[in-house]
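Just the one chain here, laid out as structure tokens, in the form predicted on its own.
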Amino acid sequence: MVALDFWFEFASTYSYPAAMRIERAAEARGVTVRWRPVLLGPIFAAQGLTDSPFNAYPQKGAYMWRDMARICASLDLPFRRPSPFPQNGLLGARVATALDDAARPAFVKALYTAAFGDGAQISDPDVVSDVLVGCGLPARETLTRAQSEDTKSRLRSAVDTAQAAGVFGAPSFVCEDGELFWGNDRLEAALDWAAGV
């Protein structure tokens, strides 16, 4: 079965709907999804950015919030604009990195729902702990593992891998042949390419 790397950042608005719909779309095409947490901060810094482009360009930001409201309504997803934006997704990325492949998707979707559905502060360990418990995962053990040097090193390595693949934003989808697609609206095209459709 062919695979697709799904690079996501918990502070990324458009990664939320992508995460919530990728599994069904991938299954329909016979594609395996590899859920790959990444931090956009270092990637943006390499581009000379110190903030989200949606904050740097207010008109673009206003459009994005309206677009997100439309997208989430069309998918019947809860949506609440988080404050502050962008949220700090470091803890979530470390937890996602610490989890095994089987547990990661449920946690990712639940944390996105907390962030963009409920407006929760996902940098708060108590919020992340509650999400882990809600997913039936051992919260204390997972949070401890997330703060280990091994996990931190693996996440830094993931950022390097993403940059080497050409990732410059999230969500990004990288096919096995290296073809890169960026944005929630490119999900189906990425899956079709991966599946050879």
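Computed from a predicted structure; not experimentally measured. In this text, residue numbers run from 1 along the sequence as written.
Below, we refer to the form predicted in complex with another copy of the chain, which is not included among the displayed structures.
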statement: Which of 133-141, 44-52, 148-156, 29-37 lies within 4.5 Å of another copy of the chain in the predicted bound form, heavy atoms considered? The stretch 44-52
- request: Could you tell me if all three of D76, F79 and A115 have a heavy atom no more than 4.5 Å from another copy of the chain in the predicted bound form?
  value: no
- prompt: Can you check whether F168 is within 4.5 Å of another copy of the chain in the predicted bound form, heavy atom basis?
  reply: yes
task: Report yes if any heavy atom of R21 sits within 4.5 Å of a heavy atom of another copy of the chain in the predicted bound form; otherwise report no.
output: no
query: For I71, is any heavy atom within 4.5 Å of another copy of the chain in the predicted bound form, or not?
result: yes
- prompt: Is E176 close enough to another copy of the chain in the predicted bound form to count, meaning some heavy atom within 4.5 Å?
  reply: no
- prompt: Relative to another copy of the chain in the predicted bound form, which residues of 170-192 have a heavy atom no more than 4.5 Å away?
  reply: E179, L180, F181, W182, D185, R186
